Ligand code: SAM
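One chain is shown next in structure tokens, namely the form predicted alone.
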Amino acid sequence: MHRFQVRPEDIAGNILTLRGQEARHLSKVLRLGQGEEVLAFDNSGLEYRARVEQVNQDEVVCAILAQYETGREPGLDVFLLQGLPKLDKMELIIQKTTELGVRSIIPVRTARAVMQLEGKKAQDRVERWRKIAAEAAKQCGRPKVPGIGQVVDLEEGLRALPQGTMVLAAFEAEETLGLAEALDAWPGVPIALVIGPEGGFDPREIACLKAQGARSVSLGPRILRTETAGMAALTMILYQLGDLGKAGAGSPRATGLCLHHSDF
């Protein structure tokens, strides 16, 4: 069944309305019509099964048949502070970490980053990244789209995290503490991963991170590319502390109504 994103304000009682691009995709691209059933999510964690009732030029009106808690959101919030990579690597990082279960991604400027984004160019890129996250969430069945923050300096990215977040910075020169050992001491709070760009972190950045309470961790004996490191670390965290690798995850649980055609 095709999935669509709907805004919370476009749900009223037993009716949801798809607007704009989502409505045009349903009617013009997929050519769905009256009576077809679709799935929709509104970023609240709920998913809706709905029936198309009216197809207009820029909106599609649907009757909600049932609503579910999908069980597809991790119980652990993991944030990713990603040093700006070159070319289109950020698109791959956003797509794959969305599939894996990241809570939010904050693009950060770092000393060794080749890519520099400022002003309108940065805003345009962020808007594109948000569309990629939304599409990835639709594809993988998540009921929430990860947040994509504005491009900020590293220190500002750290300040944007929830208070009490456990901050782990992947550093290829770390020889004492591995990610697995750091997770053994997890105090049950959100986790933030800090990943450097292609050139890694400047030692002064690591010193700054540690001064603000972050822990430097190794991801293993081999040096990972920046586009690999965040995905690998997120997978390790959600395997050890979250839902990855567990059978039965993602089973929907009905929480609401079920309508008949005459109820519309």
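Just so it is clear, the model here is predicted, and its values are computed rather than measured. One rule holds for the numbers: they count along the sequence shown, beginning at 1.
As for the form predicted in complex with this ligand, it is not shown, yet the points below apply to it.
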Options 116-124, 190-198, 98-106, 143-151; stretch whose heavy atom lies within 4.5 Å of this ligand in the model of the complex: 190-198
- prompt: So which of Leu65, Val217, Leu46, Cys208 reaches within 4.5 angstroms of this ligand in the model of the complex, heavy atom to heavy atom?
  reply: Val217
Among the candidates Val38, Leu224, Leu238, Val55, the residue which, in the model of the complex, approaches this ligand to within 4.5 Å (heavy atoms): Leu224
- prompt: Could you tell me if Ala170 has a non-hydrogen atom within 4.5 Å of this ligand in the model of the complex?
  reply: yes
message: At 4.5 Å between heavy atoms, is Leu234 in contact with this ligand in the model of the complex?
response: no
task: Examine Ala229 and determine whether its closest non-hydrogen atom to this ligand in the model of the complex is within 4.5 angstroms.
output: yes
message: Heavy atom within 4.5 Å of this ligand in the model of the complex: which residues of 12-39 meet that condition, in order?
response: none
